[in-house]
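Given next, in structure tokens, is a single chain: the form predicted alone.
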Amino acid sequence: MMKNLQTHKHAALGILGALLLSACSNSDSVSPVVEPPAPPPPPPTTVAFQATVSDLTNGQPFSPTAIIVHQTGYSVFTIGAPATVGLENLAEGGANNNLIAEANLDANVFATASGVGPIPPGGNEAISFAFFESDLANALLSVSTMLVNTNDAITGVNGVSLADMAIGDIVTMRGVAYDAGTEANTELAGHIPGPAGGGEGFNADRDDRMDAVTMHPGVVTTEDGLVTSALNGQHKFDNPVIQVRIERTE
């Protein structure tokens, strides 16, 4: 009788052990829980502005405007320093594409935009542009254009801070005329690309001995005795020559 009890006890323990081993085996084969992939980060938030460029002159159309948003470390020009080739193209021929291309290669530039076409005297154009909100705290705006009835006169505003502008805020700036220093102010028709001359635009030869950006001295014209000039009294200008109205729209 005792032997039978021991036999049944051993059998029961054997069954229990098998069950435990089976449970352990099943536990080891359970697949780990796979977490779903994290959602992609939201796209960067942008801010939007509009710059309304107004020509304040009597007889100096503006070339298509270049808009450049940047931080400290970039400048369209520096008084007393030579113009870049991109600025020379703008100042002599009114083309802004090379200046914008130069800017887009600079790590300090956040965004660029271009006006659609020339702005007539007394006219204006609104140009929209946008950039990442994360750059707003360091954002500076530069606006550049050519007075096309000149050899190499430019105007605009240089490095206006956008950092503190909230949606709906408006800032209005005025700018003076500068001489790019890349072409002598001969006022010859062949060197003036605007309607007063219809001549050559950009020329890579720098025949201005100054070769530095300075304040523009103004035009002389035939009425003041420069008999070879293609310009007359209506092409004269007083500073300021440009107004830029900046509005944050988003």
Partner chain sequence: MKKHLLGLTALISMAAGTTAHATDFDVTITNLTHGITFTPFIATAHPAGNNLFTTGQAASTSLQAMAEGGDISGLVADMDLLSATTVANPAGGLLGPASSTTFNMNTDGTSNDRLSIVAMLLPTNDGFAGLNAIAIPTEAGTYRYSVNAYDAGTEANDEIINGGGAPGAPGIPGNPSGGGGTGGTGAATTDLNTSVHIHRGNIGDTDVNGGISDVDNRVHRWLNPVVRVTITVN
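Positions refer to the first chain, counted from 1. What you are looking at is a predicted structure, and each value in this text was computed from that prediction instead of being measured.
The form predicted together with its partner chain is left out here; the points below concern that form.
In the model of the complex, the residue from D135, E125, E102, D179 that sits within 4.5 Å of its partner chain by heavy atoms: If I apply the 4.5 Å criterion carefully, the residue I get is D179.
Listed residue (A204, A38, M215, V34) with a non-hydrogen atom within 4.5 angstroms of its partner chain in the model of the complex: Exactly one listed residue reaches within 4.5 Å, namely M215.
Is there a heavy atom of N185 lying 4.5 Å or less from a heavy atom of its partner chain in the model of the complex? Flag for N185 set to yes.
Can you work out whether V219 and its partner chain are in contact in the model of the complex, taking contact to mean some heavy atom pair no more than 4.5 Å apart? V219: yes, in contact with its partner chain in the model of the complex.
Partner proximity in the model of the complex: N239 to its partner chain, non-hydrogen atom cutoff 4.5 Å: Yes, N239 lies within 4.5 Å of its partner chain in the model of the complex.
Under a 4.5 Å heavy atom criterion, is A48 part of the interface with its partner chain in the model of the complex? No, A48 is distant from the partner.
Can you check 190-198, 63-71, 50-58, 205-213 and let me know which stretch has heavy atoms within 4.5 Å of its partner chain in the model of the complex? Heavy atoms within 4.5 Å of its partner chain in the model of the complex occur in 205-213.
Who in 58-73 is close to its partner chain in the model of the complex, meaning a heavy atom within 4.5 Å? Read in sequence order, no residue approaches its partner chain (within 4.5 Å, in the model of the complex).
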